[in-house]
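Just the one chain here, laid out as structure tokens, in the form predicted alone.
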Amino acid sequence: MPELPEVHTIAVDLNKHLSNAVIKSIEIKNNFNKKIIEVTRISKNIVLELSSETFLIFHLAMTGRLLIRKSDRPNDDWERIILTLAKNGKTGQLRFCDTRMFGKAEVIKKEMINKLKSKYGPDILADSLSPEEFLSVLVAKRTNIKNALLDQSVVSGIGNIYANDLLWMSKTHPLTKTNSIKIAKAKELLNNAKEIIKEAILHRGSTLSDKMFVDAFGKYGTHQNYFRVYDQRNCKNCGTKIKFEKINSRGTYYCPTCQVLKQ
């Protein structure tokens, strides 16, 4: 599933290339003729702000793609929605493709944006998110740290890949109880989370072996070449064999030597 760096990469590309483009039509019927004001992100949702206080929301889920294409380019696999766009006298397309159809596209009005935002906790990249606030939302959840980091209502934007790596960076066992975490550890976790998410954005996201994630131009990300512990065989710190297990059905990688569970 595309996580924050992958979604952020696509949103930034779309904002750069689609702002001020006019939607001439949407293939799933009739003329639309609304202007794209800006493309932003709410958690893992890509948000196209349109004229007339309307918003087009895309969630890529497991296998969704948003692709900027020339109008005469051959069809992409698994096309579901095609927006024909006009900008600076040229026309092109934004294609929403999804092989498994778990993704979604939705048109909403301005009053629904705050409702969408309220579903999520503070964004992991927000400058306003302090270690104290981060600790507060973790402790209140009363679960293990891996589950808490993946709970988008607790903190928004950390997915499974990056949760594995930031816990390894922080030498924290994934089953550590959140109510045992102190402010120093919360600060370390927050700093490492920001570092790894920003690094993954710099690398334009992670494309796994299924080759599903591509950016808005159909190119693969490269952050998979920089994983710390996720999908690794041996610990890069001590050489110990990495342990893999399922925690709440999510694949979890950790080093049993560097990430000891403290009782």
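As the structure is a computational prediction, the values presented were derived from the model and not from experiment. Note that residue numbering follows the sequence shown and begins at 1.
Absent from the display: the form predicted in complex with the DNA. The rest refers to it.
This chain is drawn without the DNA; in the model of the complex, the residue among T176, N192, N160, Q93 with a heavy atom within 4.5 Å of it is N160. In terms of contact with the DNA in the model of the complex, the residue from R250, K24, K16, K243 that brings a heavy atom within 4.5 Å is R250.
Within this chain, K185 is remote from the site of the DNA in the model of the complex, having no heavy atom within 4.5 Å. At the 4.5 Å threshold, heavy atoms of R142 reach the DNA in the model of the complex. Contact annotation: A61 falls within 4.5 Å of the DNA in the model of the complex, judged by heavy atom distances. Among residues of the shown chain, H223 is not one whose heavy atoms approach the DNA to within 4.5 Å in the model of the complex. Partner contacts here mean any heavy atom within 4.5 Å of the DNA in the model of the complex, and among 85 to 93, 102 to 110, 68 to 76, 125 to 133 they occur only in 102 to 110.
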